[in-house]
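What follows is a single chain, given as structure tokens, in the form predicted on its own.
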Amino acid sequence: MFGSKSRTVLAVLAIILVAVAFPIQRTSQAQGEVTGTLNVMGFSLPDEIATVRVDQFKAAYPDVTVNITEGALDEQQFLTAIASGNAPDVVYMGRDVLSSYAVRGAIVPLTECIDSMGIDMSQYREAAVAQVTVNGEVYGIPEFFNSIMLFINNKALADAGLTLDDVDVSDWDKVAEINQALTRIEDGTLTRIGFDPKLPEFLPLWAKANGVSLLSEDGRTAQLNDPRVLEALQFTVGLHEPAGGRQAFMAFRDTWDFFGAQNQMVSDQLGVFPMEQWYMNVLANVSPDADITFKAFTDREGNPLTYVTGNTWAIPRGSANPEAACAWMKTMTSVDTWVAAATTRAQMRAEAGTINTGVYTANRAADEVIFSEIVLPALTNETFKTGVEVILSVQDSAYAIPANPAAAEFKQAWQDAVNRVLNGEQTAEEALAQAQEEAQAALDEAWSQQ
């Protein structure tokens, strides 16, 4: 009877009623008072970093039964659960969309949780905290901190007669030149992409490098039609052309063994690309001898720059056990818990004889211990040690799209615009003009409801 969008609208409307029926309760600071069942949504247990932290919570709160519904957060399922009065107790979601749920009333402010549990928000990185702060109130406790740097295939550089100094993203003319030089087509077949700009997802990085954010600092005004955004989009889309255009580019990229030992860096299928630091960990495991170099991404003035993303914990409206939810969020992101998980990873990597490049969190205090006491002292591989040092050096130069009440709609607008250009459906000017209208309308509507 109803389409998916209609069901989502109904779920959101019903949240208003749920908010009245299920106000957030004051959390308890004492561990002994935290009991009952804790239902977790949107989280998985893929590795030791997750499982060790969950075990830390269970050890600290033995009277709490933890039920984890594994898998990424499904928005329809989440909103429907809240509207029906069956909300999970704590939810794991992207920081880039948290503000949308906050203004809908789907998650609650954490002022009481932070106060009663004594959570020190100053330990978390400012860029991450800003993403989870809406109208001056904190709605989430940040978890990972994903930063971007350049991954460089040294063999490709040597083949083209280039050096590391030639890889200078502050000079876009030079980027275009090395892209052309590194792209390899043999007998009419593309065998190496020169420079992958990582579209659509990294448009915010390229725009910021060109001096502009996609959204105003106060989160109210879309800036998608700014000439500097247009220039960034046109430039990065143009980097696909030496490979034969987007279709040929993507067809070839889809053949890569991205997570395997024959990945695109080892197989000489890619020259350079910006990528989050977690991929360094992948390469350290599957191709520790890869001939690669890591460099900081910079803006056009040569200043270090990174675009950060990551997830956060939040308490849904209607949580039946907000005390346990608050304790969970504090424990999962605390210094001691992160250090315990990082120590276990280091031990496992040492036993397996593999490289440990660490875990990068939104907790600055935790990272200081992890890297100064666990990772760097034991890291003898100079290639990956340099990669770790590069990421640590750019974290304070982090940019994130400002929190806003239409976060999900805003993200959809600019990503759809990039894809329309890449697919040849619109020019960059047309796509960004349309996205500007869509994004601003969503922002205006959302802000009007505040």
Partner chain sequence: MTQQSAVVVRPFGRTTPLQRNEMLAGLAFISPWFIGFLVFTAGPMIASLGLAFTEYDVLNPPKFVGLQNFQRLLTDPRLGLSLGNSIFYTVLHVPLVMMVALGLALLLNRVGKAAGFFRTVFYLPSITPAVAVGALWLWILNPRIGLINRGLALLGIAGPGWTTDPNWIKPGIVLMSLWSVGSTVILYLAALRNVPPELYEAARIDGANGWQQFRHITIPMISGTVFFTLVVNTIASLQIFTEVYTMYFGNMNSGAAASAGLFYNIYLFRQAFEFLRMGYASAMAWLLFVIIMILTVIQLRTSNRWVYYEGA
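Worth saying up front: this structure is predicted, and the values here are computed from it rather than measured. Numbering follows the first chain given and starts at 1.
If you look for the form predicted together with its partner chain, you will not find it shown, but the lines that follow are about it.
You can rule out all but one of 286-294, 204-212, 117-125, 252-260: in the predicted bound form, only 252-260 has residues with a heavy atom within 4.5 Å of its partner chain. Contact annotation: of the candidates T189, T354, S216, S372, the single residue with a non-hydrogen atom within 4.5 angstroms of its partner chain in the predicted bound form is T189.
Proximity to its partner chain in the predicted bound form, taken as a non-hydrogen atom within 4.5 angstroms, holds for one residue of E425, D396, D63, D47, which is E425. Annotation: in the predicted bound form, residues L150, N381 and E389 none come within 4.5 Å of its partner chain through any heavy atom. In the predicted bound form, at least one heavy atom of D416 sits within 4.5 Å of a heavy atom of its partner chain.
In the predicted bound form, its partner chain stays beyond 4.5 Å of every heavy atom belonging to L233. Though the partner is left out of this view, H240 does not reach within 4.5 Å of its partner chain in the predicted bound form, counting heavy atoms only. Using a 4.5 Å cutoff between non-hydrogen atoms, K385 does not count as a contact of its partner chain in the predicted bound form. Heavy atoms closer than or equal to 4.5 Å to its partner chain in the predicted bound form belong, across 402-416, to the residues A408, E409, K411, Q412, Q415, D416, ordered by sequence position.
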